[in-house]
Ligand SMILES: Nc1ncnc2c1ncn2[C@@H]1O[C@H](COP(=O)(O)OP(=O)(O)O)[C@@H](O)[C@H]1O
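Given as structure tokens, the chain that follows is alone and in the form predicted on its own.
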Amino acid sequence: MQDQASRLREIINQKRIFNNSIAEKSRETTPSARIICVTSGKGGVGKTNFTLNLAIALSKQNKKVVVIDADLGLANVDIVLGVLPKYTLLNVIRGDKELDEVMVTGPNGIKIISGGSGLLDLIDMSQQQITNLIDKFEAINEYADIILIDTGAGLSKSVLSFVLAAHEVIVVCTPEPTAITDAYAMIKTIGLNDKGKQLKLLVNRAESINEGKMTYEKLKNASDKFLNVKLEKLGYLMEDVHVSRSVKLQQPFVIQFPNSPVSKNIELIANKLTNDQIENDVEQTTKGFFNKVISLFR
């Protein structure tokens, strides 16, 4: 009897090893892109400009990057680049186009998907339509190592659907008191729903490194003391005339002015993100992310 029990345990153990091996091979052959949501408490803090230039800086590090403009009704990414996409995410949702057909190729090979007002259609979709849509989103892994989600600003349901679904979130803030207050409101809302989220702060348009540090410290200390939320420092971007010049030219500043201080800064931030260690116990798949977005949105 003891020999039979030992043999049974050995068979079960071998089966477990085999299943783990299959699961590991599955993860190796179908890697999931890293998803980073970029948001802000208020508009006008330079979130979209930061997202696009970050995408290009990451692509220069040999990363395949897809940017999804999830600001409903406001095609900010298109405006910054001077590109008007023929199709948007709405065409994918309605089944007119596949995901690769709505992608626009941007500078340095980054891919851009315009959300438009398409997500509003999710409210009336059947479960079968949602399942089909989620399967389509999984195809994005073929084009991306990193997906940057550029949300709208504020605490609307559409914004929070993306923010709360993502494991990594970058909050963009300026040193202005109203921007700090609104960024704190965003951090508080995230903390109330998920204290384990990887939350990073990017201080934009600081007049000096000291002002950037003070802005971060204000939000970090308040988050520690009142919210019990860990807020990491991603970095600072200084006020730079090259930013406004590039916006007028509808060209990313990392392309138009690669040697400017702001371009060098964003390259450092991209390098920091690339070298960040992501928690292995919270592995987020694109399928799981978009499934959560839709469930939160509905």
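Note that residue numbering begins at 1 and tracks the sequence as displayed. Computed from a prediction, not measured in an experiment: that's the story for all the values here.
The same protein also has a form predicted together with the ligand, omitted here; what follows describes it.
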Can you pick the stretch from 197-205, 183-191, 154-162, 107-115 whose heavy atoms fall within 4.5 Å of the ligand in the predicted bound form? 197-205
Could you spot which one of Leu231, Ile56, Val243, Leu273 gets a heavy atom to within 4.5 Å of the ligand in the predicted bound form? Val243
Let me know the one among Val262, Ile36, Ile269, Ala33 whose heavy atoms come within 4.5 Å of the ligand in the predicted bound form, would you? Val262
Does at least one non-hydrogen atom of Gly43 fall within 4.5 angstroms of the ligand in the predicted bound form? yes
Taking heavy atoms only, is Ile255 within 4.5 angstroms of the ligand in the predicted bound form? no
Within 4.5 Å, heavy atoms only: does Asn132 come near the ligand in the predicted bound form? no
Quick one: is Asn76 in contact with the ligand in the predicted bound form, heavy atoms, 4.5 Å cut-off? yes
Heavy atom contacts to the ligand in the predicted bound form at 4.5 Å, residues of 46-69 in sequence order: Gly46, Lys47, Thr48, Asn49
